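What follows is one chain in structure tokens, specifically the form predicted on its own.
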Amino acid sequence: MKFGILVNEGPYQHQASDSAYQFTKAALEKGHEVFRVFFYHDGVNNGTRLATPPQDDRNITVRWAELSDKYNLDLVICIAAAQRRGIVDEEEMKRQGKDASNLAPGFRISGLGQLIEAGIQSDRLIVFGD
């Protein structure tokens, strides 16, 4: 089965990100395909490279990046939600006149069309968080 994943909650505010990660990892390990993981609303906070959880806590951003690297997973951050929350890649940094970028490795920024495409191309679109 081919899944699209939508994550609407931040990494440490709600269980949605952990649940989405565990579901995605399990699906991939069982041989299913994940077309795309789309991060929306506060879910975009999963893609900041500046989060520094305590050493004895899980680093959800790193987990997503490692999963992306292992399975060539498409991790997409919604551009409008990211800009509202201060998350920018190199291109947006320059375009917006910012002095730094903070998008984590393995993630990319794009628009809502990527979410629509994930829904069309997938057998199921699974939503984590409100």
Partner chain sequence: MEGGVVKKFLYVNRRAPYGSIYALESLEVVLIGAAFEQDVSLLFVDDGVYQLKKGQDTSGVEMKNFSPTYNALGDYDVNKIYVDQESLEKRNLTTDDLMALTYEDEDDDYAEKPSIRVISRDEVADLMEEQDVVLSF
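Numbering follows the first chain given and starts at 1. Since this is a predicted model, take the numbers as computed values, not measurements.
Omitted here: the form predicted together with its partner chain. The next part is about that form.
Does every residue of Glu9, Ala80 and Leu112 put a non-hydrogen atom within 4.5 angstroms of its partner chain in the predicted complex?
Yes, all three are in contact.
Out of the stretches listed (55 to 63, 80 to 88, 98 to 106, 22 to 30), which one is close to its partner chain in the predicted complex, meaning heavy atoms within 4.5 Å?
Stretch 80 to 88 is the one.
Whether Gln15 contacts its partner chain in the predicted complex should be assessed with a 4.5 Å heavy atom distance threshold; does it?
Taking the distances in the predicted complex, the answer for Gln15 is no, it never comes within 4.5 Å of its partner chain.
Is there a heavy atom of Met1 lying 4.5 Å or less from a heavy atom of its partner chain in the predicted complex?
So Met1 does not count as contacting its partner chain.
Answer yes if any heavy atom of His41 is within 4.5 Å of a heavy atom of its partner chain in the predicted complex; otherwise answer no.
Looking in the predicted complex, residue contacts with its partner chain include His41, since a heavy atom lies within 4.5 Å.
Which residues, if any, of 95 to 130 lie within 4.5 Å of its partner chain in the predicted complex when only heavy atoms count?
Leu112, Gly113, Leu115, Ile116, Glu117, Gly119, Ile120, Gln121, Ser122, Leu125, Val127, Asp130, in sequence order.
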